[in-house]
Structure formats: C-alpha cells, structure tokens
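Shown here is one chain on its own, the form predicted alone, set out as structure tokens.
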C-alpha cells in the first residue's frame, strides 16, 4: 500500500498521521489562559472563580480546535471528552479537599496529647481544659459492636443471595436490603428508641446506639459484598467443583479470598458511614461528660454527638474543641481504612 493510499484510508476513518506534540498542547492552553487574563484586565470582568471558569473553557476550546485542525475529528472528540472527565474529577475532589484542609486547619489548634487523653468531666463552659477521651472510647466501642453485628450477618446474607438465593426468597431479601439502604438514620434511631429503650425499658446506652448503627451498616455491607462476589469469575468455581471440592468450601477458600479486597473496601465504607452518624446516637445513647467504658449500661459519649453539641455552642472554646474532634474522627476513619487494606494485602501476598 502506498503512502497516499494509507493517508486516504486514515482520513476516511477520521484519523490523521499527524500528531500534536505535548509542548504544543501545553502552549495552546497557556496562551488561552494569557488571553483570558488580558480579557479580565481590559474588561469589567472580575473575580477568581469567573477567571478560572473562563480560562478553563477557553483552554479546552483552543486545544480541541487545534486538535481538530491537525489530528482530525476523532482525536478532537477524544481530547474534549478527556478534558471534560478531568474537569468533573477536579470539581468532585475540590469540595472534599477544601473540607479536609479547613478541618485540619481549625482542628490542629486544639489537637494535643492532653486533649486526646482527658474527658470533659468537671470542665466549665469557659475553661480551656477538657478533651475527647470519653468520646473516643464511646465511638470506638459503639462502632466495634455495630460492626461485629453487621459485618458477619451482611456477609452471610450476601453469600446466600449470590450463591444460593436464586428463588423467590432470595428476591425478597434483595428487595428488603434495597429498602433498608434508603432508610434515614433518624428512622433507625427512632426504631431502637421505641423498641429497645422504651418498650423493653433498657434505657440509654452505647449498645442501643450500636444496634441503630448496625441497622444502617448492614445493607451497605450486603450490597458491596454481593457485587464483589458476583465479580469472581465463574471459571474459578467450576474448576473447584471439577476437583470435587464442596460448594461451601469453594465459597470459603476460593470465592471469598478472591473478593476479599473489594469486600474490605465495602466494609470500611460502611464503617466510615456509621462512624459519623449523629441522629441515632442523639436519640438512644444520650450524653456523658465522664468516661463510661461499659456500653451496656448508662449514657455514653461519642465523637459525632460531641461535635454536634460543640458546634452549636456559643463558646468559642467549645467550637474549637468541636473542630479538633472532627479532625480526630477523620483520622480514626483513615487509620482504620489503611489498616484494613494493609491487612488484606498482606493476606493476599501470603496466598
């Protein structure tokens, strides 16, 4: 095939043999930013946000037009779609970045060793002392008990609906899990309040909060584990069955280890979601300025409730303590997530 015929074939498919060098693409984007800056200098346009939007749009249009002229329509559409995806990613991450950054900025002012190892017992509204040790203990105990209830039960339900539940009962379970996914957190708290606290006369306790958190955590664990188990190739199951391995052992030794990383991620997302819940804790756990290490008896503090009350206080000291507690809560979730991923990776490498 001659060079002319090859070029004609490329053009017929919307392609071209010429490619824009990366420095040219970067130069075109910088030129668009310079033009935007000039536009804002000589016109009434002003504002940082307006400048960023105008510069981004002009840069995308410039690069896309240049690509269309040099590389062809298909590459131009591809570059436009890629730019749009990158902008969507940045817009998604910006609020998260600003939230984390501002929380870290405000929280580090009060985040000290004394703050983490003392409670609010005997601390007045205008005292700079006090800490969140009692709230950390309450949060860890409540989330741990909720996870001990929700995670094993959620995994069993996910295994049943994916491996055994191809019937009307399995369909009913999936429908119930979907309904539970949309339950507001305050509804779970009201249910536990009506049933456990009032009807059974158990009173406020950390365990009551754990029940409410387990109700919220369970559907997330089920749905995430179900999707991960479904992604395990059927060939692995068939190979195990061909060797005479029972189904239950195939699930235990083949399916679950293969899906372990995804299941761990789903479980950590569920734990992260319930760790910051305030409404159930406010309704059924109560509050306690003292250290209560027994989740089965008496009101117990928690970080979400501590943050909620401190943020609404008229004292700047309480507000500062609330920011530090919020940063601590974020760090606890990060540590738990990283530890779970490292443990999963270590087990995977051992196999």
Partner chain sequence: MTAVSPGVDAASLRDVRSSRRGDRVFSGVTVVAGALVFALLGAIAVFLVVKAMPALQHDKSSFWTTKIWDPDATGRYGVAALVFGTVLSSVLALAMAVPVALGVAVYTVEYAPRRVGRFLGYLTDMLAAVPSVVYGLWGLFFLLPHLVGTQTFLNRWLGWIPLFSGAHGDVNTFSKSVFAASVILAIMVLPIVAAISREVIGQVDPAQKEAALALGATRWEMLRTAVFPPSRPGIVSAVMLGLGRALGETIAVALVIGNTFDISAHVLTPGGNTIAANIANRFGEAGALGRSALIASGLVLFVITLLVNLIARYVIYRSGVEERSAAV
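Positions refer to the first chain, counted from 1. These numbers come from a predicted model, not from an experiment. Take the two forms, superpose them, and find the largest set of C-alpha atoms that agree within 1.5 Å; that set is the rigid core.
From this point on, the text means the form predicted in complex with its partner chain, which you will not see here.
Taking the partner from the other structure, its partner chain in the model of the complex has no heavy atom within 4.5 Å of any heavy atom of residue 126.
Although the partner is absent from this view, residue 226 contacts its partner chain in the model of the complex, with a non-hydrogen atom inside 4.5 angstroms. Within this chain, residue 341 lines the site of its partner chain in the model of the complex, having a heavy atom no more than 4.5 Å away. Not displayed here, its partner chain is kept clear of residue 114 by more than 4.5 Å at the level of heavy atoms in the model of the complex. The contact with its partner chain in the model of the complex, taken as any heavy atom within 4.5 Å, belongs to 91 out of 148, 231, 121, 91.
From the list 288-296, 317-325, 59-67, 31-39, the contact stretch for its partner chain in the model of the complex under a 4.5 Å heavy atom rule is 317-325. Residues of 71-104 lying near its partner chain in the model of the complex, listed in sequence order, are 74, 75, 77, 78, 81, 82, 85, 86, 88, 89, 91, 92, 93, 95, 96, 98, 99, 100, 102, 103, the criterion being any heavy atom within 4.5 Å. With the core held fixed, residue 145 shows a CA shift below 2 Å between the shown form and the other one.
When two forms of a protein are overlaid on their rigid core, residues whose CA moves 2 Å or more are considered shifted, and residue 53 is one of them between the shown form and the other one. After superposition on the rigid core, the Cα of residue 40 moves by 2 Å or more between the shown form and the other one. Whereas the displayed form keeps them at a certain spacing, the CA atoms of residue 91 and residue 224 lie at least 3 angstroms farther apart in the model of the complex.
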